[in-house]
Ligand SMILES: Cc1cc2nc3c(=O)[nH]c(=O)nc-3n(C[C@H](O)[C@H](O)[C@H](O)COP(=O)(O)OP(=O)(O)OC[C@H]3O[C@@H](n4cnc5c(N)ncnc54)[C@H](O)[C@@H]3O)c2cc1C
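Just one chain is shown here, as structure tokens, and it is the form predicted on its own.
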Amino acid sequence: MRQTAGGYRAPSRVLVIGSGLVGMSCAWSLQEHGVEVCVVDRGRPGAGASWQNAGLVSPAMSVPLPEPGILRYGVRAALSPRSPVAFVRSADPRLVRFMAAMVRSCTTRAWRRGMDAYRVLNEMAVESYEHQRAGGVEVELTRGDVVACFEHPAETGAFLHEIEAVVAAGQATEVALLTAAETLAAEPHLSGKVAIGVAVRGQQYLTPQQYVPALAKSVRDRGGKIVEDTVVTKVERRRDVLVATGPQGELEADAVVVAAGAWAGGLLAGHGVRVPVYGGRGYSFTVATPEPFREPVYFPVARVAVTPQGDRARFAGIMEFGSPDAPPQRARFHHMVRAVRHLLVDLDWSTMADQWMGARPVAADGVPLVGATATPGLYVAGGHGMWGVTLGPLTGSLLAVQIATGATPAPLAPLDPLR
């Protein structure tokens, strides 16, 4: 431990549990404060929700998930296995508790309160990526508009309402309505069945399975340690140290950050965190393209995003609430194809590959949990839901400031894990 001028005992050694984009960003940022870091993960860096998602860095679309309309999706999910919002049948009492808490958060007032927190973060998100790149993370982001596509003009209502709410919250966002011809000109892979589009200007995207390993390499190059294939089942404080325990033994540190994604809930039990976190499982796959997609494309009705990946395109979608350890439901991939194939041309669907399922850590109230728990020296960074790629580097950086200095940056106040 290091004593600061104000009397705060700053940790010299920090253990980060979880090597996704959020956890690795926290470790990387802690190194900037001279902290010795060790990252431990049940798999390898980025192998969880960070691995094969859409990779959008899209502050204009980063909003709390729970809102009044999600209740309508919940009923629809119960009636149709093809719904983009779905549930894995389970007797898990944690899922029941999570869903009850989410339903309580599906109010306009709660959404606006959450959006106030997101607005501040969204305005800083891109800068945090630029900082990592300047610090030696050798992967670039690609700038591009996100083109939201609709088969019928009436379908734009919910999407435009959400964008209008983002603007009303005070966030600078540039959007443009596109005619059918303008939409097809923006992305030639779209079919004539697309009747109208909405271009969300100035967003970015990356390939997650490249970015997180590059971030891990930078952490190692700066002297950090990464321990793979190691499960942690409990964290506790013993006198002046934090101890993380698992089947492979114990790890000690001055402070611990739980950034274990959808597995975080079990580790946080008994540490004062009341907001439930559960797995929102996403599915993705790639398809070969004769010509690269020009822009990221989003189909809001199907909730499927398409991002360019060279001579392939990645399709990502579904919000399926269930255990992160349960096997994927293979039918979900085919449901995604059926939902969007008539809106696209020049794709050979027989080339589908890289099928993947990963559980996003969703906080029941839709706002990430980033900050100190009730146990001294134990912190949490998680609950980002669909926006871990957009906000991960920033929240990791802000948490590193809190850990290293004892002062809570203002943008973290509404993300307090003890709220």
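Being a predicted model, the structure only gives us computed values, none of them experimental. For every residue, the number given is its place in the sequence shown, counted from 1.
Unshown form predicted together with the named molecule; subsequent notes refer to it.
In summary, the region of this chain contacting the named molecule in the predicted complex, judged by heavy atoms within 4.5 Å and restricted to 93-101, 315-323, 179-187, 249-257, corresponds to 315-323. In the predicted complex, at least one heavy atom of W387 sits within 4.5 Å of the named molecule. Contact check for P66: every heavy atom lies farther than 4.5 Å from the named molecule in the predicted complex. Although the partner is absent here, N53 is a contact residue: one of its heavy atoms lies within 4.5 angstroms of the named molecule in the predicted complex. Remark: Y283 counts among the residues lining the named molecule in the predicted complex, judged by a heavy atom distance of 4.5 Å or less. The contact with the named molecule in the predicted complex, taken as any heavy atom within 4.5 Å, belongs to V40 out of L369, L378, L30, V40. Put simply, of V200, V219, V232, V304 only one has a heavy atom within 4.5 Å of the named molecule in the predicted complex, and it is V232.
For a residue to qualify, one of its non-hydrogen atoms must sit within 4.5 Å of the named molecule in the predicted complex; none of V194, F299 and R338 qualifies.
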